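One chain follows as structure tokens, the form predicted on its own.
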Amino acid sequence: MQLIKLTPLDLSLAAGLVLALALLSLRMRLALTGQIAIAALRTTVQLLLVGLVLEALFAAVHLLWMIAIASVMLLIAGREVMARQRYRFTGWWGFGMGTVSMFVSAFSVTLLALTVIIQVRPWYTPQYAIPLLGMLLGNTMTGIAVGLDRLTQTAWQQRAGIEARLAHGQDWRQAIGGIRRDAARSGMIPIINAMAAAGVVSLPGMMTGQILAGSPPLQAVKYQILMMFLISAGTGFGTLAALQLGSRRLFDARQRLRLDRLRVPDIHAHG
């Protein structure tokens, strides 16, 4: 099967669609024009840089380079988790919860896939390790961000009810248990929906990319099934770990609700 190479003109035509969306947003006064433009620019620059880095890595496979790239990916993902939360934890916790949870879940699942399932040699071969880790980090990042945002926002809104349950003798786990379960469902629903709709409503990105690159459809399907399972596991474990850390952080050693550990938006802080 012939691989059709894209030209700068092809990409420019696709960029024109994004530009049209930005102009429509401006006309409708959605206050999203700047965000759309910046996001499109970031996508272009970041992916081009990644392409250059990957070409260099593919030419010189080395464990230390893989560790460096994986660390940068993890730190950026941890920052993005914190940036998307309306009521985020103050201090190191705001960055550390998501980062540690993604490290435990995404890295362990990626390592398992490389060493046990795919059995690539060496296991840190960039062709396999970086795409797997990138997809796992991206989806786990989304699940953790949504889950923590739901946890902290609901805890703030229902603080009176939580304190009432504490006053009636419940421990911190019982007092926030329902909120944590709702947050976990919110964080995991996107990947569950993606699995349920795969192949029926949508063709997932990895499978589509492999088919466009000339891989046999059934082989592309097998890799996509593998990735869906890995992503769901990584997202689920990461979200649950982050919510456990976040829930505990909302209470002190004497099991008192400590909402002063959250950075509250000004509209609430002054109102």
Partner chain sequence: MDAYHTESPEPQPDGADSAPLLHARALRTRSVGPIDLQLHAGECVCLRGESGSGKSLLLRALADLDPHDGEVLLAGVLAASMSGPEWRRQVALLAADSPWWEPTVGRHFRTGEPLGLQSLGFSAATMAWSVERLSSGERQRLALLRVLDNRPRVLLLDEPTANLDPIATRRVEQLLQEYRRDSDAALLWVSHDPVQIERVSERVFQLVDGRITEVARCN
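Just so it is clear, the model here is predicted, and its values are computed rather than measured. Positions refer to the first chain, counted from 1.
There is also a form predicted in complex with the partner chain; it is not shown, and the following applies to it.
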Go through 162 to 170, 188 to 196, 147 to 155, 130 to 138 and give me the stretch that gets within 4.5 Å of the partner chain in the model of the complex, heavy atoms only. 162 to 170
Quick one: is residue 12 in contact with the partner chain in the model of the complex, heavy atoms, 4.5 Å cut-off? no
Flag residue 256 as yes or no: does it have a non-hydrogen atom within 4.5 angstroms of any non-hydrogen atom of the partner chain in the model of the complex? yes
Note that the partner chain is not shown here; using its position in the model of the complex, name the residues of 115 to 139 with a heavy atom within 4.5 Å of it, in sequence order. none
